[in-house]
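Just one chain is shown here, as structure tokens, and it is the form predicted alone.
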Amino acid sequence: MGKTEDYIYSEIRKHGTLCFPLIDTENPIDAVNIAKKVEKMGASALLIGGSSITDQVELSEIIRSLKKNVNIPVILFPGNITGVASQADSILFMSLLNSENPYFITGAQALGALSVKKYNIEALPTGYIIIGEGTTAWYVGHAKGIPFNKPQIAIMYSLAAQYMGMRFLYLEAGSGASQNVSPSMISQVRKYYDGTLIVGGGIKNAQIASDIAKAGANIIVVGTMIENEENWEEKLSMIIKSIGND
């Protein structure tokens, strides 16, 4: 295990469920300003990337600026090989387990692996599972989305991820999802999966975040709210306060 992974485990032990805000660099936002604000609020790390990143040079420059201005880890959240960029502390090295296209299960990972090695980015082995349909991640990743009311299927994929050695599992409803992954599904997956459980998509307020944390999520990811809502600072602050054990 590397430095970032050790840090994540330490933060979970100290604070309970963590919040990793997602900054999608494809959107016209002030990444550095947002990063400074979320760090002060208590975010434990930043996720950088998204499903449609194409400009690796710009991505690297943004990460370089973030590293100069914040102390929390900057973690890549790649939707494709173009999401691998230098300067980052680590990368969610993800396999989209329920994709119908082998490229997103192992192909992109093989193509991106040498860049991860070249840039000396710490890889966090992650099983990525898309819940529901209709989001960008679902469309771009050619996913066969797991129905929100079929937790047994999510459990099957989660155990497969664990048995393949993936220490992180990401249940993703998708950016701008109409609903979040239900606490019921999360709690049932939690009974079987022994690693670090990440949940994202549709987390719009403190009550949803609190319910997800109580169901067993170790990390929640919030992104669309930061991009689209004027009062995102107030909402995110309440979300972070609602999930920890400080």
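All values reported here derive from a predicted model rather than from experimental measurement. For every residue, the number given is its place in the sequence shown, counted from 1.
Although it is not shown, the form predicted together with a small molecule is what the next lines describe.
At a distance of at most 4.5 angstroms from the small molecule in the model of the complex, all three residues A177, G202 and V222 contribute at least one non-hydrogen atom. Although the partner is absent here, Y170 sits close enough that one of its heavy atoms falls within 4.5 Å of the small molecule in the model of the complex.
In the model of the complex, I12 stays away from the small molecule, with no heavy atom inside 4.5 Å. Contact between F77 and the small molecule in the model of the complex is found at the 4.5 Å heavy atom cutoff. The small molecule in the model of the complex comes within 4.5 Å of a heavy atom belonging to L22.
Of the stretches 211 to 219, 194 to 202, 64 to 72, 32 to 40, only 194 to 202 has residues with a heavy atom within 4.5 Å of the small molecule in the model of the complex.
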